[in-house]
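Below you will find one chain, with nothing else, as structure tokens; this is the form predicted alone, and questions on how it binds or moves follow later.
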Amino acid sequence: MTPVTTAAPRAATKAPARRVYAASVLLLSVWVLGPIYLLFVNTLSSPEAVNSFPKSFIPQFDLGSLAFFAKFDGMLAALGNSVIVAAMTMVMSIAIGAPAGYALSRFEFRGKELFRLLILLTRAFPLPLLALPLAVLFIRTGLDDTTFGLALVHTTLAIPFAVLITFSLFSGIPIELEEAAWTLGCTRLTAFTKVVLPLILPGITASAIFAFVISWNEVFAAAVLTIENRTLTAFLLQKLGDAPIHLKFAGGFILVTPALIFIFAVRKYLFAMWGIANR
């Protein structure tokens, strides 16, 4: 009788917690997916439907706004620039951030905690404050209005995240695995490439995804440091300032969709990262 009577109150206390959890998940899903769905509906609706009230929650599948952007001069070039800049940002942020994260997780040195704090403090400086010095520096060095110069700026924005993410990932891999490889004749480099890297690769890929998203969504530096070689965000900001509302919805849809497709395609690496970090 005792096990039955004690199990009943436990089940009763778990039920409200589950309902709260389900309600929280539902609210978060609506918070995230609601604006995306409204963007989708307004993009695939006619200008009259977009400006009407009350608005319909069912798209009319009017492709007029998207067809306008398909024929817009400079659209494909801006899209290509965004892809190039984001790809270079991914490579450079991981090439710099991953070794730094490995060093922070494996070595003890004076000022280690201060160094981690300084990495975070680099995000405390607003980019508009650095816009004028960056513009002058880029003009003098010939990096202005280039995809590589813009990728350097985006890399500086992504490196703090890359360092801290890879630090937590490397910390989740026991150092005893490397030590065992050393006793079997591996050098530190071969132990890293043959033992640690295969385990950490999903997490490295996930941190590269964060760098991609940071670069793809950044607009201020792209608008200030480029003129002819603008990325998609800066291009849409320049062209849609006084555009009708239905074209702004279509521009936002074009900007969001590639990033969502990219994240959905590599989502398994994001899920794998949480498993590595929580070991």
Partner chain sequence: MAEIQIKNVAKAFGSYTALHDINLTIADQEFMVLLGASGCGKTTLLRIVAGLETATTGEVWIGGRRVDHLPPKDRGIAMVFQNYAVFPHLTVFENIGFGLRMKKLPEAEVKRRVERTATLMHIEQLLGRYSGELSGGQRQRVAVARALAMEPDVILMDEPLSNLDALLRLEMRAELKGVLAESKTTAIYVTHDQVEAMSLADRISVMHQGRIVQADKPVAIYRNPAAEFVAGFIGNPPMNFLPADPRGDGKWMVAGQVIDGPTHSGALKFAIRPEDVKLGDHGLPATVRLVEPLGAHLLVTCDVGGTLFRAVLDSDLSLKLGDTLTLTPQGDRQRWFDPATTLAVA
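Positions refer to the first chain, counted from 1. Keep in mind the model is a prediction, meaning the values are calculated, not measured.
Beyond the structure shown, there is the form predicted in complex with the partner chain, which is absent from this document and is the topic of what follows.
Only one of C186, I84, I96, I209 comes within 4.5 Å of the partner chain in the predicted bound form through a heavy atom, and that residue is C186. Just one of K112, R123, R140, K194 comes within 4.5 Å of the partner chain in the predicted bound form, counting any heavy atom, and that one is K194. Using a 4.5 angstroms threshold between heavy atoms, P198 counts as touching the partner chain in the predicted bound form. Remark: A180 counts among the residues lining the partner chain in the predicted bound form, judged by a heavy atom distance of 4.5 Å or less. Contact between E176 and the partner chain in the predicted bound form is found at the 4.5 Å heavy atom cutoff.
In short, of 145 to 153, 74 to 82, 160 to 168, 186 to 194 it is 186 to 194 that has heavy atoms within 4.5 Å of the partner chain in the predicted bound form.
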